[in-house]
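What follows is a pair of forms of the same protein chain, given separately as structure tokens and numbered structure 1 and structure 2.
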Structure 1
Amino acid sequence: MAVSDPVRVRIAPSPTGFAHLGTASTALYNVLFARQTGGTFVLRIDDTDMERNRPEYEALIYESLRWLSLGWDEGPDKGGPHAPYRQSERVDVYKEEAARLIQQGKAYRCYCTPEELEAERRQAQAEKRAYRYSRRCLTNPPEGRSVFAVRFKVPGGEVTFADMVRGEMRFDAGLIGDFIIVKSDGYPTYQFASPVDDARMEITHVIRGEEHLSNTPYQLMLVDALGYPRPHAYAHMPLILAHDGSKLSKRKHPEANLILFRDQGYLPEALINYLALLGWNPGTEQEIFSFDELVRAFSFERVQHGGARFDWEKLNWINGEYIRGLSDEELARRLKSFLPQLDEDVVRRAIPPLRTRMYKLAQAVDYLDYLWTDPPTPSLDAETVERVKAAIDALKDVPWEAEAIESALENAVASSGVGKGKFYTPLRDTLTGKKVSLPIHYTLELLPKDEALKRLERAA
């Protein structure tokens, strides 16, 4: 789709829970499009759910997007020409627009109680017809009531719009009943606040999740009624699905929690790479992309229509590739927060064996925790004890370097008459308390020599 006017895109997450993976995915597509076109990316906080909003959840949104380097150009913390950027601070705007619609006969006050509305729904169900509000309060409002919501008077007809993923979209507005735009507590519904803000903030392209596709005709009818220009286009991106094909849920699926990926040691650039490929493909064999390469390659024409299943195996592979691409110094720097018990020199010396064995940084803890914990001494049979003693004899006088340690142990293995596996397994168990460790010569070298020999002698 040709783009002429300066592009303005946005995301509008709600601070009602932890930062969601879907928020990061939507933000990424908006940022890619904005950077491709030299446009502006806006962060707006949809915080009109007064019961569930929490300031700590808003802080998590900022923290998560900054971790991914998905910076915004305008937002609550940065300001901008269309401030404020929190919907809770724009309530007067929505009241003003609702009053204008009422004055023009395009909306009306609804005094119906929840019980009366439920009775209408049950009646429609009994008559086996789709429920639409009866317009009772438009034609014959009850008297003596002061509590009301505001309903939009649906004009009917057909709503059409261009979707950059799905093409031309058409909806029959005759199937939509008059819907509430301002609740009885004075706060706007999502269907009202979102298009009002998009219009007033001059958003040119609305890029959001597929679950909002059905909301678009409601919002466009409001934009038209208010007399604002429509966004140039919409793009409804595929949902992220869990491995079983269900929608990714905050309650059911840990992978929905964006901060989990940081805490597990996934690199932000690797997660960005993976999210870009989750629902989009470049049409080539390339799978590893820098951010700048994504900006150049991304297009809505290659976005899939169906939901995209989250694949841990693919993410782990991509993250492993990124880990192996880091310099020793950079990998050591990123491991620092995972290994606060170790000094920088030990971490740097652990990099060579760690690099090829990790697909996430948190795994370094499993490999190296023997350096700051004293594992239990295993119970060994007499034959195994002799092999441990042989290892002690071989190691006593060697320089404490991986290469010298490896050479000495290989000689001991050759003299023992058993294979490396049988010889090294009790050594691993004694030194680390685990059957799996880094290669035995690195496992030993990273421990101070006296501590390593003490653990072996105790087992023998």
Structure 2
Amino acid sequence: MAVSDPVRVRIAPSPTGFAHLGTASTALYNVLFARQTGGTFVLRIDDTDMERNRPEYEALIYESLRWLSLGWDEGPDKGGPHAPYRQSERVDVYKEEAARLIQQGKAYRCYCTPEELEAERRQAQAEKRAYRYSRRCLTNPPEGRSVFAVRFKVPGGEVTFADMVRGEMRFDAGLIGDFIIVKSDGYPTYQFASPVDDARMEITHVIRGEEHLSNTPYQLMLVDALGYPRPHAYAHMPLILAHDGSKLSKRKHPEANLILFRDQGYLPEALINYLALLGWNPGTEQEIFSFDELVRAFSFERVQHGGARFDWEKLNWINGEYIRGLSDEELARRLKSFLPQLDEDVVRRAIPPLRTRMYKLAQAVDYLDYLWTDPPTPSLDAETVERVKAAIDALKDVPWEAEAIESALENAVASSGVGKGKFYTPLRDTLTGKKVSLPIHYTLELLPKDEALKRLERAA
């Protein structure tokens, strides 16, 4: 592959579960690099696991990536010069390549049953040696069997390659046993399909998670055996870790589901910002980055080598920063789907007191649900009831607008002989049924005047 080739990168998620944080993170780094170099970003669906694939998971990948504005230039839904982009639709390609390898003596059929392989493995373990396939089907194939997988005959030697984050990598392929490239169901394994497609789709830079670092020599041997040019470089990005330091996985960590972030009201641009900072840093003290700033600042040299724990607290802070930075119009627009019970006008009026109080959009519900639910009427002592009555009197003839309400209330407080806290707390309780609310004048104003007065009179 010539160095001057236009950059082509890709992600290859498998639709075996919801789209998760790791997919977003890898996609982000790929997109950043593509935008930075004027390259092309390809989405390839890696659906070679017939047991676990589900079409709805593929739809979720599209939905999640689009939500994050991590759009692709070529993919199953858009087509492109290397279609199809779904591996299940490229089985002929892999079969053809496997046949070529077999013909050239670089791969062979393996008729071993899972039980036989398991026995080999056990044996090796018992003898305390590293397990490698015995090659019995190469040297002494069994007779009369028809079910087979295809194994790559590992040539051994040393495999070296350039990693943009870790530098020159070197692996001893002598330690790698012959591995399966086509499963007995006819579908390719990841180790086979991935490098074949990368080569055929002319991927120039393979940017993926660190879990694939040790897989790279497997794939490079295949690329060489097939006679394809190798990618210019790889970049193995640090893993996102769960709180306990283990790799964030779909099974163990359902909270890594991207759709859940959207549904809780994390802003896509805030999540992107946080993800970029997890494992990479600009070398300056800047923390908040627009997408364009990320495109300009990102570089693989400044990528962390070790995994990073996902920290909700910091994400919450960044998300809050973004929420506070939104215009009233924009915030109202984004809040809409979280507050279907409210008129646009009410949402709009709620924004000034609301915006500094949320670190995620779904919290608006906690502050505003008193507007569409009827709180229980508190039972107040005689003295408190007098104050509520005073509030009603003060409010009765006031224009229903926050400032007017505030000054009317302040007058009532002044002549009540108690402080604001003591005066407002029962009002808040009566109006919302909660101990925490927006400032009392906003709490009142957002409610229709008759409804507000009704609730107060009920308690008085």
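FYI, numbering is relative to structure 1, first residue = 1. Just so we're on the same page, rigid core means the largest C-alpha set that superposes within 1.5 Å between forms. Here the structure is a predicted model, which is why all the values come from computation and not from measurement.
- Here the chain coming from the form predicted on its own is structure 1, while structure 2 comes from the other form.
- Superposition of the core reveals a Cα shift of less than 2 Å for Q36 between structure 1 and structure 2.
- In this core superposition, S416 moves its Cα by 2.4 Å between structure 1 and structure 2.
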